[in-house]
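In the form predicted alone, a lone chain appears below as structure tokens.
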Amino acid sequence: MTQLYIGIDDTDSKEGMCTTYVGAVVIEKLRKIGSKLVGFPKLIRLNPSCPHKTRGNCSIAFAIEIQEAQIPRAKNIVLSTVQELAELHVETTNPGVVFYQHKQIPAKLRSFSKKVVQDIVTIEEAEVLAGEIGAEVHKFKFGRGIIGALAAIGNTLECDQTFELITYRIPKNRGTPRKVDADSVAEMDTKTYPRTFDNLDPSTGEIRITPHTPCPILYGIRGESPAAVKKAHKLVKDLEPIERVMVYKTNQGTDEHLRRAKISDARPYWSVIVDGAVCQTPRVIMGGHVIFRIRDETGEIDCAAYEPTRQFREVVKKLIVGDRVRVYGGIKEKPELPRTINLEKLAVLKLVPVLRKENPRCPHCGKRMKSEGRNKGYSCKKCKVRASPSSAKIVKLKRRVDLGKFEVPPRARRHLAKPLVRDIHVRFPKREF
């Protein structure tokens, strides 16, 4: 037996299909010829700010153990399945398949994978790397998918990982409204959260496990372990037939796309973590979006909380000049606008005090005394009592925002963004199901 890594990407389009479904079908076919899946297949979300990203922006990879003599047949099954299922008639769908026949993932492939999640990579770079490590690449049309296919093989998920259980619809139901019992999803969330997450949007009650596209997926449940997502799956009542189920190991909800940066270094297509001080009061612009500006020792940059982030904007509105914050988010290429970090999360690190001068109270009637003018003291006209200028007090007002982290709701969350509940949960894991 020998081990073979297989990576697939860019098989979907806005019209349908899903790379995870292609992977699930391929895995089933390979099992039928005697291959054995090694561990869980991987679902790797790529740079969410990439201008060439696909609809789901994910690639998949898995490893199989197989007889050496069966490898040509296995490769043919993979390529023919991609040819059959990929949305090749859509101009922007350019699949890629990679085969890699080694036991270890080399360091340069791991580094490449990280770059694909955090930056922009060209097809030429992928082809050069494949040649250096001995990977076999297959391009359909332009073949941009070889970038994600290589990245999925190279991502070992050593730092953090989550799991997603995905159920797929039978072909005749695809493109029709999905049928899942909403009450069962709410019950599932109650019984499995936070071992599963982003099942519902707490602000609206909206179900978040079902996509809104014509792809083959009925629903996907994300969680901390295979056991957690499998338990959750048993609690959901399906109101339509399921064709197949697959559990993927994934980088979703891990913040793998983020990198720490100074403002002067942050550039388009990056997702960054930046510390700075608020230097421009938050303002609401057309559409309900909230914009403010921060500064560090290297420069200034705008930050935006867009309308779909709902209550998150209310936190942003309460910031004032001088507050120290840590912002998390992506930067898009918009030459007509200033560089802007599209916020995913916000940490309020330090709040500047808001002070107010209060006139003294009359010692007889208790009412606030009136100022008699600059440096002239205070008086109560009713009681005819006077007080010196120094009798006024400077009081510190309570801010309407607290220190801590704040996040956008699930409806506005990117696949890779780590929910705050995972920060707590990963640090203090609970007993497994």
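From 1 onward, residues are counted along the sequence shown. What you are looking at is a predicted structure, and each value in this text was computed from that prediction instead of being measured.
One more form of this protein exists, namely the form predicted together with a small molecule; it is left out here, but the text below deals with it.
Contact annotation: the small molecule lies within 4.5 Å of heavy atoms from the stretch 56 to 64 in the predicted bound form, the single such stretch among 25 to 33, 392 to 400, 56 to 64, 366 to 374. Every member of the trio Asn47, Cys50 and Val116 reaches the small molecule in the predicted bound form with some non-hydrogen atom inside 4.5 Å.
Within 4.5 Å of some heavy atom of the small molecule in the predicted bound form lies at least one heavy atom of Arg144. When the small molecule is considered in the predicted bound form, Ala277 lies well away from it, no heavy atom lying within 4.5 Å. At least one heavy atom of Ile120 is located within 4.5 Å of the small molecule in the predicted bound form.
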